[in-house]
Ligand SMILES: Nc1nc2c(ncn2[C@@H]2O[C@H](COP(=O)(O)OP(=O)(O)OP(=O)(O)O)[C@@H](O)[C@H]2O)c(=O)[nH]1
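Take a look at this single chain in structure tokens; it is the form predicted on its own.
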Amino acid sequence: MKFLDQAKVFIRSGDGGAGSVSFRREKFIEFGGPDGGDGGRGGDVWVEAVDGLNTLIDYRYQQHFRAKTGVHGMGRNRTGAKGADVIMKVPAGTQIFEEDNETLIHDLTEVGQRYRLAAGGNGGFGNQHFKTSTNQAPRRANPGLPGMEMTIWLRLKLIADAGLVGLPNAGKSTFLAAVTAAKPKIADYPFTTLHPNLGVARVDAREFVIADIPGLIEGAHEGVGIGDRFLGHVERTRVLLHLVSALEENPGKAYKTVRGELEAYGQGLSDKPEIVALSQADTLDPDARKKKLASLKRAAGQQPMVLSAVSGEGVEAVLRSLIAIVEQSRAERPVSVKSESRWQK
């Protein structure tokens, strides 16, 4: 399945059904009077977060969603049925924006949340509503109200507890493959990872979700390389694991490059708790390791952890550090967003 994290969609709710002009005509009843029923309400357009999805790929092939028109009213005071709703199913973590792609309409962060994007039009009144003492046989009825139409953007931000950041070939995908059941592409050339990957890590009988995004290079916020468009997938994380490759000639400079891109991106990423680790440490001899750890410590302002996903060195220690911050954050800041409708009628 291909990964798609943004889609433009046109939606329209259903028109209301028209009211009916009808009169009661029965044997032996001389003055039947009007009995035209009301039209049914048009269908609504809903968006719902469901389990089992992690991409918006379905919305590449279908970009138009229209709810059904309400059924017209009929004689004998029969009210038309409501038009069928349209329910757009999206992964948890999907945000809905207006056409300008900047104004947030709603954020679906949990499976099961629903939100009404557009309400259907009300049905029209039948002629029974227009009967008065001076007009006993009205021959008019209301048409149904039109539905609402709009263009929206769907933008997916993966729900994960920890995010992996670093330069290309920093060992992020190797670490993810070593601690989870995820199978990201791993190779010895830059930008092997072209889209985010998720995996569930387990340590000391506790689990948390890790997100791996494509590597950042200097100027990513200006579109250099793959750019910073995938940084949105670590916006929701509670902690960042910043991996710096031991193969870097200057680990301190590599660290500052990525931190500069995080700060340029904004959205609070540079303020998140961060664990810094020197990855691929199995490639260094003791003296080289000591020098590069010192360089990284000066740049990061904290003692880096030592990590090798290939040999397993430091893996459990890093996982325990991550889960400690994740559990503390869960206790302080549980994620909960109340679902509501934008337009109530």
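In this text, residue numbers run from 1 along the sequence as written. Only a predicted model underlies this, so the values are computations on that prediction, with no experimental measurement involved.
Although not depicted, the form predicted in complex with this ligand is the subject of the following passage.
Asker: Using a 4.5 angstroms cut-off on non-hydrogen atoms, would I186 count as touching this ligand in the predicted bound form?
Answerer: Taking the distances in the predicted bound form, the answer for I186 is yes, it comes within 4.5 Å of this ligand.
Asker: Q280: heavy atom within 4.5 Å of this ligand in the predicted bound form?
Answerer: Yes, Q280 is a contact residue.
Asker: I'd like to know whether A309 contacts this ligand in the predicted bound form, with contact meaning heavy atoms within 4.5 angstroms.
Answerer: So A309 counts as contacting this ligand.
Asker: So in the predicted bound form, does any heavy atom of N127 sit within 4.5 Å of this ligand?
Answerer: No, no contact at 4.5 Å.
Asker: Of these, T109, T79, T257, N169, which has a heavy atom no more than 4.5 Å from this ligand in the predicted bound form?
Answerer: By the 4.5 Å heavy-atom cutoff, the listed residue in contact is N169.
Asker: Which one, G266, P143, P190, P273, lies within 4.5 Å of this ligand in the predicted bound form by heavy atoms?
Answerer: Comparing distances to this ligand in the predicted bound form, the residue within 4.5 Å is P190.
Asker: So which of 172-180, 203-211, 99-107, 248-256 is the stretch with heavy atoms within 4.5 Å of this ligand in the predicted bound form?
Answerer: Among the candidates, contact is made by 172-180.
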